[in-house]
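Single chain ahead, by itself, as structure tokens, in the form predicted alone.
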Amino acid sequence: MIQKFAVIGHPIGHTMSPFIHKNLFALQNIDVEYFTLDIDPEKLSLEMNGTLSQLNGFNVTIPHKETIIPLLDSVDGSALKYNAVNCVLIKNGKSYGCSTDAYGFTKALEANGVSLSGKVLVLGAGGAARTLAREAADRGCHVTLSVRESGIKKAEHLKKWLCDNGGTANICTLGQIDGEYDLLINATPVGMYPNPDASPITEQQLKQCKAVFDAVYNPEKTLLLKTAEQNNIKTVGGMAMLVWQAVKAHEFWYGAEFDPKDIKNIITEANREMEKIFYAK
């Protein structure tokens, strides 16, 4: 029997999940159907007891990452830690949730020879920043949260959460960024398609960073990453995180193991596929 998997969100728009997951299943010689499901938030509970319960598993994106938690039979430590679920396994009529984002982030850095240590500058204070900043704090990094003036209150809540869990953090506005950092993390949508010519910080500020991770994956190389490369700064793009978190989902679903070389190839192919979809003329 062909297994069925999906990615759910609202609006779902174009997502790279089907391309990435189909390629991962192919590496394991598993015949599956993988599709997208646009589910209105008001219908999530209904769908959880209907369509979704008939799947073998599914991925979860905005806006369902938090609201799906009480609808699941159980969640693991990663989901509890971040109060978010992006991967669900359906087995023997039961639903199990986890979060694979932090794993995808750390594996993307590791695969590209970038250390998550020392002084880390995180741009943004939203959901992505919450996960990436917490992972940095848990590894002993000193985290600086940098936001626009309008994001100060949100950053204060994030700082408190990090410090309450044993981390060290401080806050500054984007204009106040100063000093050297071991790693810059862009956890904002600045530079994302259809506005790829925007950068969240200046080149002068960027020059003070030894490495850069941009959570944006479309385009493959944001203006931030291009500028970093021009200044001989190590870079890691968002597609690497997207693929590695998908790898963790397959481990969660059925205990899969992959060769890192194969994952590197899928990251390359996913970037090529995205180029065709959004930038081919």
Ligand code: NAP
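Please read these numbers as outputs of a predicted model, since none were measured by experiment. All residue numbers refer to positions in the sequence shown, first residue = 1.
The form predicted together with this ligand exists for this protein as well; it is not shown, and the discussion that follows is about that form.
- Residue in contact with this ligand in the model of the complex (any heavy atom within 4.5 Å), chosen from Ile90, Val75, Leu116, Ala128: Ala128.
- For the candidate set Met192, Leu80, Leu71, Cys172, a heavy atom within 4.5 Å of this ligand in the model of the complex is found for exactly one residue, namely Met192.
- With a 4.5 Å cutoff on heavy atoms, Gly238 counts as touching this ligand in the model of the complex.
- At a distance threshold of 4.5 angstroms between non-hydrogen atoms, Ser150 is in contact with this ligand in the model of the complex.
- In the model of the complex, at least one heavy atom of Ala187 sits within 4.5 Å of a heavy atom of this ligand.
- At least one heavy atom of Tyr217 is located within 4.5 Å of this ligand in the model of the complex.
- Look at 177-185, 90-98, 136-144, 151-159: in the model of the complex, residues with non-hydrogen atoms within 4.5 angstroms of this ligand sit in 151-159.
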